[in-house]
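Presented as structure tokens, the chain that follows is alone, the form predicted on its own.
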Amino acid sequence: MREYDYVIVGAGSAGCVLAGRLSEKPDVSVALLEAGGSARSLGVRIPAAFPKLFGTDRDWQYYSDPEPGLNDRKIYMPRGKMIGGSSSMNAMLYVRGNAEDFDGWAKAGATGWSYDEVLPYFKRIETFARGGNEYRGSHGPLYVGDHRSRTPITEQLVQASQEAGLRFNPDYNAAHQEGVSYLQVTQKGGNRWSAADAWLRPAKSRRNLSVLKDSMVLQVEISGGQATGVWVNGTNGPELIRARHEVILSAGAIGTPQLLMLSGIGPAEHLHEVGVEVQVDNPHVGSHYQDHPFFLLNWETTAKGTLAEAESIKQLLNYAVFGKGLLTSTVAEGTAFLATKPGLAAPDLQLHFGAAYFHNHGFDTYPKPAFAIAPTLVAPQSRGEIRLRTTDAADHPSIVGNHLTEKADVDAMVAGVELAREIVAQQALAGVRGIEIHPGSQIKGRAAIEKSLREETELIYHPTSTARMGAPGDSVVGPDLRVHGVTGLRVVDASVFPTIPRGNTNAATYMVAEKASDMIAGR
């Protein structure tokens, strides 16, 4: 029987951080378990290729249940199933969130997680290409910088946004988030720089760290109220891997609540229904689920240098030889954060500016050059839940987000569509804009826009808050990330966010894992 001091479930963004940090102490043994396999692939390495990973064996390929606010459509939810997890498959956009997010966490019971308290961890994470300052780090394992080969259409979209009344913000991860900016990305030398690159690769030669690929965890072993290990699908059937100190779940906002419930931690009535013996009755497990809905508008363009040219011989050579060119693009290269109505404490909407035709997660194609603007709801009022379908860990759980069931959410998205069109109408794009492809210029007025939103809104792959932290009775884990009611068990991933941050969630996941590594190691 294999036994380690710490057993980490999930080699994604958080798991890689924990494995790298905890194994820095040579007298501590660490096992990192990953259901997927290697991330060695050009599709992972080349930034612009990330949509080509969707629907492959490196993707969990989750789908929601019929969504009541989205015409009962089942929504596709890609998640990375490989070393590095979703940091090996995402669009590499580095957005911390708003200071108001973290101050809100602290006020809601996550003591120690205010903005001033988490800022040092955000700084510790990164080496920022422009240099360190009071907000940015300069000696961290994660390389963060600007696009090496920004497209001209992105610059025109940023200029048009300023003409439409948005102020330019040189760094949305610094003092203020509001305004229009160029996106920052997690790349090094024009290549993806994932959690595996930043934290796991430097640790791989340590004798006290074992990385176990293709190891699907079935449930946590709990004895006498203490987590003592995890069951995995071994070659000869289920195998128990023991943890002397702690089991740490870093399986993500879908996988973690599923494992908690399979282990008997969750809503008692639901667990009884599916045949799981209850260890801890906690209705918050799998509840409070949030994500960021987004809606894509596309226009034809006569601009040169869009991603329609990305797979040319010239661009392939430029990438292979110099690490530059269109293949280093993350499709979305610009962004804006804004409040859609007066009185909001922080932005409720984010715009993503794409240098390509992008629709249906990149599965659809278009014969002409195009660009996209995606209004994204970053402070959703809706809440959903994740529940078990069966007691088999290989069966995907039931996921319902209730997206766009709250009027405030619909209002913000309608405002986003109208603003996107206002931006495209500006002088900066006068010489290059063509027809509106999606949803089409015939979609006008509140009723028509709302109808289109319900027909085509998707998710931007940011599930959170399904094992949220806070006070006992109101959460799944405490501010120390220990699971209420079980000793020796913590959760460290985006599921612990009390609420979803305003922006792409990967950066905040890294921050949580860095802070957690200090807690676990007693630093």
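The first residue of the shown sequence is 1; numbering continues from there. Just so it is clear, the structure is predicted and the values come from calculations on it, not from any experiment.
If you look for the form predicted in complex with a small molecule, you will not find it shown, but the lines that follow are about it.
Colleague: If we define contact as a non-hydrogen atom of the residue within 4.5 angstroms of the partner, is L33 a contact of the small molecule in the predicted bound form?
Modeller: Residue-level check for L33: yes, a contact with the small molecule.
Colleague: Answer for R79 alone: is it within 4.5 Å of the small molecule in the predicted bound form, judged on heavy atom distances?
Modeller: Taking the distances in the predicted bound form, the answer for R79 is yes, it comes within 4.5 Å of the small molecule.
Colleague: Is A447 close enough to touch the small molecule in the predicted bound form, meaning at least one heavy atom pair within 4.5 Å?
Modeller: So A447 does not count as contacting the small molecule.
Colleague: So in the predicted bound form, is the small molecule close enough to A467 to count as touching (4.5 Å, heavy atoms)?
Modeller: Contact with the small molecule, no.
Colleague: Which one, S263, S161, S87, Q290, lies within 4.5 Å of the small molecule in the predicted bound form by heavy atoms?
Modeller: Only one option qualifies, and that one is S87.
Colleague: Let me know the one among N173, S215, Q315, N191 whose heavy atoms come within 4.5 Å of the small molecule in the predicted bound form, would you?
Modeller: None of the others qualify; the residue that does is S215.
Colleague: Please identify, from 423-431, 139-147, 272-280, 244-252, the stretch that has a heavy atom within 4.5 Å of the small molecule in the predicted bound form.
Modeller: After filtering at 4.5 Å, what remains is 244-252.
Colleague: Every residue in A11, M92 and Y461 with a non-hydrogen atom within 4.5 Å of the small molecule in the predicted bound form?
Modeller: Spot residues vs the small molecule: full contact, yes.
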